[in-house]
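Just the one chain here, laid out as structure tokens, in the form predicted on its own.
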């Protein structure tokens, strides 16, 4: 058999196995795994390298409206280019509804932003902020049928936080349609109370962002989200968990047999609240929600991954420029942490940080790394086995890694639209050197060789985690 490409001599790893194997690719898919595969138009020498499923970052924000006078640093072109250089072959951004908007119109707008602008494949989650009868009764069920099979709800933020009854109604639609609900769990009223008190006391510097969002507001909201999901009898994914207390809420729910899932992020493994204490406005570079915590919380997040409480490791890439009045240094942001744009860049550094700190330091295995960064994302969001693994018939979405390459993370190495990385100066060992999407190199030997527009939109199946459950008493 003749192939388009053979990746030869590498060590292939999936979520379950590690083996020496050549990979034969034809028509954008993996056509064969084995030795002596024959000839190909392109033979890639992967001796001494790891051949892994391309990363899937299922929690990123690109080209998202962020308030008056605020502009997100990455559009789909810059964000997906950064993703490719970070060893990712697919990202799942959010199509965010604003009050009064039709969900269908929101999806149309995001497709217009993304179509022809992506280096890697994309699919959209929905963000639900306006739970009107037409949205819940007509638009949302129709969009789930069209392949938008997951949506996010917020328990905080002005204009976005849903009340308990609104969350219950959204969860009921998820139950009826087989969609998966993602939850940003922080108590909005508690944050408003603390923010008001801090500002009255003149405590407005960026590091007070963390003070306004203590662990208790995340723990309480996580507990409440789990209780609401139990009432409706529907699975949920608690996203960007930052600490032990919230993690333990998820663990207890899982031990009781509830279908509650968890996700954590790099900022909760290698950053702390102390990073927000930089001079002048430097601390604004690290403002995100939930905020980075302390060393004990880092240990807990590692434990959550090691013990399977967290099945996903995502970046929550939400980039703003720092030295920019439309970014972190917005004039209002200079008056109080309340107005500093929430979010940090991370799609390009997610995988190297976890590989180095996790696999390299013996905290997780290589196979667990693949599961946490690719396979579980595909399984969770209705993409597996088309995406997320190296198997015959799967898309040839592959990242080739040099496990010995040592890099000190620096903004000078980044490829996105932000003007800083919060991980500046962190030394890592292990780096993706080539990234292939559906059999075509986007990045090869550290150089951009793919074309913008090569990445496509992918409609998704319903999540196997969200299969319809037996009829409840309230139905």
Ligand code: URP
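In this text, all values refer to a predicted model and were calculated from it rather than measured experimentally. Residue numbers count along the first chain shown, from 1.
In what follows, reference is made to the form predicted in complex with this ligand, a form of this protein that is not presented.
Visitor: Indicate whether residue 316 is a 4.5 Å heavy atom neighbour of this ligand in the predicted complex.
Guide: Contact check for residue 316: yes, within 4.5 Å of this ligand in the predicted complex.
Visitor: Can any non-hydrogen atom of residue 377 be found within 4.5 angstroms of this ligand in the predicted complex?
Guide: Outside the cut-off, so no.
Visitor: Hey, in the predicted complex, does residue 241 get a heavy atom within 4.5 angstroms of this ligand?
Guide: Contact check for residue 241: no, nothing within 4.5 Å of this ligand in the predicted complex.
Visitor: Please check if residue 154 has a heavy atom lying within 4.5 Å of any heavy atom of this ligand in the predicted complex.
Guide: Residue 154: yes, in contact with this ligand in the predicted complex.
Visitor: With this ligand left out of view, choose which of 336, 212, 342, 394 has a non-hydrogen atom within 4.5 angstroms of it in the predicted complex.
Guide: Here the answer is residue option 342.
Visitor: Just give me the single entry in 78, 187, 289, 389 that has a non-hydrogen atom within 4.5 angstroms of this ligand in the predicted complex.
Guide: None of the others qualify; the residue that does is 289.
Visitor: Among 106-114, 342-350, 397-405, 168-176, which stretch has residues with heavy atoms no more than 4.5 Å from this ligand in the predicted complex?
Guide: The contacting stretch is 342-350.
Visitor: Who in 49-70 is close to this ligand in the predicted complex, meaning a heavy atom within 4.5 Å?
Guide: Contacts from 49-70: 59, 61.
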